[in-house]
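Shown below, as structure tokens, is a lone chain in the form predicted on its own; questions about how it binds or moves come after it.
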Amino acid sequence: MNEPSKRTIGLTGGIGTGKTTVSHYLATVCRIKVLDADTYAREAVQKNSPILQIIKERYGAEICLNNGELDRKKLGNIIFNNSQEKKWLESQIHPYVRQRFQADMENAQEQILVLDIPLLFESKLTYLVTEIWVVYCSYEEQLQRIMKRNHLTEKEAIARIKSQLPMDEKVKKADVILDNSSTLEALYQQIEQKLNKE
């Protein structure tokens, strides 16, 4: 499995805190291999997949678009307003994501790996990593970013924030906190600093 000689960074944060920006910088500028939970989760529910079939059985064919792909907005409206349904959906997707992580980690030759996992704590995947990085910004900034990026109302954005573990709890569990309240340059500096600490 995950041999201790390998530095494995678990990258997480709240929705809209800038985790994707950090992940992108690590992959493109620092040239570090990033394994992405969201990519695996999208694979899990791709058109004609067994998991998408189960989702359709639960919510009806109208949970899919005309082309047979999952209607993410419709599903989002269900799960972000109903914690039981969210739990059910995660119980379908998380095992697949976990398997994909383990397989790709076993095959990776790199000495440093980044696992980009938005729900690192919620999905209990901390055992896969040797250190935890949390990307942080203020609640107000987080709210504004989500509303702007996802074209959501304030109420919809708040529902998405509330569906995750509170930021202050994530920060408490972090080995490294990246503060994304200032400029991109400041954020990149923090990344370089934390990456190069031995």
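All residue numbers refer to positions in the sequence shown, first residue = 1. Quantities reported herein were computed from a predicted structural model and do not represent experimental measurements.
Only in words, not in the display: the form predicted together with a small molecule, which the text now covers.
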I'd like to know if residue 15 sits close to the small molecule in the predicted bound form, meaning any non-hydrogen atom pair within 4.5 angstroms. yes
If we define contact as a non-hydrogen atom of the residue within 4.5 angstroms of the partner, is residue 173 a contact of the small molecule in the predicted bound form? no
In the predicted bound form, does residue 149 come within 4.5 Å of the small molecule, counting heavy atoms only? yes
Looking in the predicted bound form, any heavy atom of residue 20 within 4.5 Å of the small molecule? yes
Non-hydrogen atoms within 4.5 angstroms of the small molecule in the predicted bound form: do 145, 180 and 183 all have one? yes
